[in-house]
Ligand SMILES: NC(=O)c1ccc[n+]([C@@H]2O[C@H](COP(=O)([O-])OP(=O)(O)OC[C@H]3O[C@@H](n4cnc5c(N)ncnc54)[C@H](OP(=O)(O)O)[C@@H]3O)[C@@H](O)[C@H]2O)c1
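Only one chain is shown below, in structure tokens, and it's the form predicted alone.
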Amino acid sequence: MKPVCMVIGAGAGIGGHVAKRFAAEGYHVVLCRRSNVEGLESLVNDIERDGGSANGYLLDASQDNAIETRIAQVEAEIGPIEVLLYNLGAQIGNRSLEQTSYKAFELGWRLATFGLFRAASVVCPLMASRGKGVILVTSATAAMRGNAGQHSHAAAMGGRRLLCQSLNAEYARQGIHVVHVLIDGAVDAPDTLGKMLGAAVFEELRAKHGGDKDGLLLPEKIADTYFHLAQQHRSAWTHELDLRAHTDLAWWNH
């Protein structure tokens, strides 16, 4: 039986590339995303065409019990989840305090923090019973520094970071490796940053910083780091690290 890597938030950027990387290393990958069944099927087909194995499911993390039910089904029907990637974004865009409704603020928290808590509530006891497991959590600069217009995102990502620390404090000695990965810069991902900026602005950004300039974080290179983290020996675990392009200033220098 192949080890199982489950990706919650499997778009064409970080989530999809991490899935492909783990599949290439012999994992069966389970890809979950909120919408775009065509994009989901395309990722599964790409993995299978390259000799890997995968399943894809639509999963709306804002719905009650959706995360919990899917994890339980994967465990029962596919196999024990050895690696869980929680890759859901929670960016609602720049909004002033007056423009941020209660509903919008809460949505960021539900996706970034509560969703991770729900996933961990199901998978951590299962991993602990087996004495091993890895939870990789994609995060953002907002986890470290608030900014004007980012009330929801900063609060949600700050909560995500501290939840990762709490999970480590409780479960590391039970063999579960939780890693908070801070993506401190723009990722070359058309279906995330591209949608947020709009196609024209995104292509402009690519022309200025992408290509051989390596000024945008490349999802396939991020995936290499994620795979390395999942293979670390427990005597030298990384619990938090940040990734950025060589041309970017670190968050603490802004």
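The structure displayed is predicted, hence computed values, not measured ones. One rule holds for the numbers: they count along the sequence shown, beginning at 1.
Quick note: we don't show the form predicted in complex with the named molecule, though the next part is all about it.
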property: Position in contact with the named molecule when the complex is considered in the predicted bound form, options 54, 223, 229, 189, heavy atoms within 4.5 Å; result: 189
property: In the predicted bound form, the residue from 179, 119, 111, 155 that sits within 4.5 Å of the named molecule by heavy atoms; result: 111
property: Output flag, 33, 89 and 193 jointly within 4.5 Å of the named molecule in the predicted bound form, heavy atom basis; result: yes
property: Answer range among 59 to 67, 22 to 30, 46 to 54, 207 to 215 for contact with the named molecule, defined in the predicted bound form as heavy atoms within 4.5 Å; result: 59 to 67
property: Residue contact check: residue 84 to the named molecule in the predicted bound form, 4.5 Å heavy atom; result: no
property: In the predicted bound form, residue 245 touching the named molecule (heavy atom, 4.5 Å); result: no
property: Touches the named molecule in the predicted bound form: residue 134 (any heavy atom, 4.5 Å); result: no
property: Residue 71: touches the named molecule in the predicted bound form, heavy atom cutoff 4.5 angstroms; result: no
property: Neighbours of the named molecule in the predicted bound form among 6 to 36 [non-hydrogen atom within 4.5 angstroms]; result: 9, 10, 11, 12, 13, 14, 15, 16, 33, 34, 35, 36
